[in-house]
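Single chain ahead, by itself, as structure tokens, in the form predicted alone.
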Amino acid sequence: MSVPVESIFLDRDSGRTLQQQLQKAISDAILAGRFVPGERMPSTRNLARHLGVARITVALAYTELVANDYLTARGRSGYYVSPSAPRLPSFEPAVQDSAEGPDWSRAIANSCSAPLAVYRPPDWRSYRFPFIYGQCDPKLFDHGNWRQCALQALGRTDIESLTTDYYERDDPVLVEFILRKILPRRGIVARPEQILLTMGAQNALWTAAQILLSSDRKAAMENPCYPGLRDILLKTRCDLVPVDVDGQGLPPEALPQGVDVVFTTASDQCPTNVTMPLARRKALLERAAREGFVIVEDDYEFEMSFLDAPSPALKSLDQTGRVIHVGSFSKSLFPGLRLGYIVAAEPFIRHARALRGTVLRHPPGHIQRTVAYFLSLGHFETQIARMNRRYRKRRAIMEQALQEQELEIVNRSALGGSSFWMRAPEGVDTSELARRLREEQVLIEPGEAFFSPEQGERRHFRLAYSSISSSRIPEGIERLARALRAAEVKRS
């Protein structure tokens, strides 16, 4: 029997290469049992003519399928479905009787419902004016050099980093370059024993909260704040106290008595973008030393300081080891990387390493080694410089557009960053505003999720320029201004 050439087709909308599309079409058919062992495949010439592709594309696909034992080559006779080709196991599906199933309202001991979060449509790239935060702009990412570093990390000399279970350890090459190239930019001096790699900043903050907090401890956090942190802290069942930030960030004198842990984004407050001045940082550290509490510093986006040099990290001023420093590569490289780090005193890192080992062992070795090469070969610094030049231009264009439309910027960051924190006129609900703007192809981030829920704050919103081209910013801001004016008229 022969496989009919008409039974093979390509999914040209898949985003894969033609060779990959063909390999997938044939392997899927074999796994599903549509092509059976011993059947002869169409010749490379006939299949290439049928699909409208080059004959070499079919030949390369067949060769790869032979290597993976989907096909076998028989001299001049051609290609056949391999007798030992992989097959999906076949089981009779079990019939589940929902009436006999568990009562999940009783079975679930700890609720994990989704928190109030900033809404971003999954297809946000299809919108013409996406003023959304924290996403990668493909035009700014150094894909070529990243690919070369990833390929290098797949080489024979690095096979151990790819395949080894590190248990509780980290890739020493990446740790070395964080010590040599990342932390000195923040004024931090550390030893390898004081660093732990994490699956992004979110995982780092969760780790800190799990180790430091319990139902009988008190934590203070900024208000407004990063919504993901609030959810992490609420799940510890600690006594959580929100502290309102001002034009200089978190005020140390406003912290409650008896606090055990303080969480802060001192260098670039999330989401207001204000920077805590040096005097206030020292006052916070002095109070921590005097009262015995620990500070968790989320140092996100410090690389985006293109208007002025960044202030020294809290950790760099720490003389008593009370600061736990959290960093991430999500903003400087891309958010899907999910790689961050904690810098802290050795006793804390030992506990954090043990907790990480219980939950996920370690971040993937190939990712660690790829980032290590990206840092060591100088690509990271080039990437940051490229992003900062582009962000500086976009920021200037957006700031001018906002001024022309007379929209209110709450805080103008002195360092840079990638967004503006905005305030709508009195009585405007920015969640409703965001819904109406989506019809205009404009995406903004309502501020409700950043504030304590009981506060009911709905006037603020965030506008980011990391994911929108410079040419589209003025029109997007004009549409936003029209929608705001319409909302005011409707309210009056």
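Here the structure is a predicted model, which is why all the values come from computation and not from measurement. Between two forms, the rigid core is the largest collection of C-alphas that superpose within 1.5 Å. Each residue number is its position in the shown sequence, starting from 1.
There is another form of the same protein, the form predicted in complex with a further copy of the same chain; it is not shown, and what comes next is about it.
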| field | is_contact(V36, a further copy of the same chain) in the predicted complex, heavy atom dist at most 4.5 Å | value | no
| message | I'd like to know whether H143 contacts a further copy of the same chain in the predicted complex, with contact meaning heavy atoms within 4.5 angstroms. | response | yes
| task | Classify G75 as contacting or not contacting a further copy of the same chain in the predicted complex by the rule of any non-hydrogen atom within 4.5 angstroms, answering yes or no. | result | no
| query | Do G340 and a further copy of the same chain come within 4.5 Å of each other in the predicted complex, heavy atoms counted? | reply | no
| Looking at 248 to 256, 395 to 403, 267 to 275, 161 to 169, which one sits within 4.5 Å of a further copy of the same chain in the predicted complex if you count heavy atoms only? | 161 to 169
| remark: From A283, L240, I211, V243: within 4.5 Å of a further copy of the same chain in the predicted complex by heavy atoms is I211
| note | If we test each of R390, R128, R287, K235 for a heavy atom within 4.5 Å of a further copy of the same chain in the predicted complex, the one that passes is K235
| Residues in 27 to 55 with any heavy atom within 4.5 Å of a further copy of the same chain in the predicted complex | S27, D28, L31
| Residue shift check between the shown form and the other one, rigid core fit, R34 Cα at least 2 Å | yes
| message | For Q19, does the CA position differ by 2 Å or more between the shown form and the other one when the superposition is done on the rigid core? | response | yes
| message | Would V245 count as moving between the shown form and the other one, using a Cα shift of 2 angstroms or more after superposing the core as the test? | response | no
